[in-house]
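One chain follows as structure tokens, the form predicted alone.
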């Protein structure tokens, strides 16, 4: 088992973060939750149950690489809660994956699924390595060996992985194929739903790839409508230009929103005339980062956060907005495309400055909602058209947003606390009805 020091380390020194010590991610989610506990007067016994994951797995497994070298890898799977349904959550490949990060992210998935009224609980996992250092053959070997090592700790009605940072539909195809082949069953087609986020060819859903970014956009539209703010002609900054950031920027561009500042772990750029979000996405797909993009002026991380924009979308790593960054932000609204991008100090400073925050468990829930639709399609042997998936997603996202607005007004709390309050009330209702056995 990894040492506690390693498992709870911060991301200090990573190019995308500031050069000061970050808060522990699991402590951040715990502090956020306590505000919601107080707001709805949650019973202490239910709070105790929800305060820790049910299962924390750390797996060391060997992989024979294409070169013939055998290398040991460390994998994680944290299963937070399954009172509402199977554990559900991504698998990330990143050199800084650590246990408390997986615990926090698994916990967030529990609240996200409960808020969205999905029949799922929260899970999260990952493998600690830099996928950019390996070719497709070795990534397949690592993925298949990790899936084999997980064994019966995942399953289509027990724990359902999905893509996350450093993984994609190809990763999910390999995971699904490995799982199907190590579990002999007459229901081989049914076992496809052991993961979501697969390619269309392997049983994935239309609309899944853009779903998280699309959900971010629905939240921005709802916010703009309530504020009587015209999106046409407004400006945008995006931190992290992977799946979520790039899709959000491309969809918003069709509404007249101009991307004027962008950054990732390799650096930050500004273009007052606006970036072409499609060309930017093509560059990132080729280079795996923004590094070397010719269409903008290179700026510092501090200058990026101080960019004069209307909408700020953090869609990179967690814990990017501390008090220093929150003091610099000039946007009218921060929409959390990433999980946990704002720490407790950043939250407080943004609130004091009157900058709206649309929290992660609401803003970026589009991905898990369409994952649920994929799982349902696999379960029913159906294939939905793209417009059906998108219309279902839109209805659910807009309904969830309004529920959070109403709860915030009723409890006189911020949107983050209101989001947690809705999720906790749904979990509390089930625990009250079922009780604790024996």
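As the structure is a computational prediction, the values presented were derived from the model and not from experiment. Numbering follows the first chain given and starts at 1.
What comes next is about the form predicted together with a small molecule, which does not appear here.
> Picking from 178-186, 297-305, 360-368, 280-288, which part of the chain touches the small molecule in the predicted complex when contact means heavy atoms within 4.5 Å?
It is 360-368 that comes within 4.5 Å of the partner.
> Using a 4.5 Å cut on heavy atoms, which of 340, 122, 163, 126 is close to the small molecule in the predicted complex?
The option sitting close enough to the partner is 163.
> Just to be sure I understand the contacts: of 239, 320, 196, 171, which is the one whose heavy atoms reach within 4.5 angstroms of the small molecule in the predicted complex?
Of the candidates 239, 320, 196, 171, 196 is the one lying within 4.5 Å of the small molecule in the predicted complex.
> Is residue 263 close enough to the small molecule in the predicted complex to count, meaning some heavy atom within 4.5 Å?
Outside the cut-off, so no.
> Is residue 208 close enough to the small molecule in the predicted complex to count, meaning some heavy atom within 4.5 Å?
It does: once the small molecule is placed as it appears in the predicted complex, residue 208 has a heavy atom within 4.5 Å of it.
> State yes or no: in the predicted complex, is some non-hydrogen atom of residue 249 no more than 4.5 angstroms from a non-hydrogen atom of the small molecule?
No.
> Does any heavy atom of residue 88 come within 4.5 Å of a heavy atom of the small molecule in the predicted complex?
It does: once the small molecule is placed as it appears in the predicted complex, residue 88 has a heavy atom within 4.5 Å of it.
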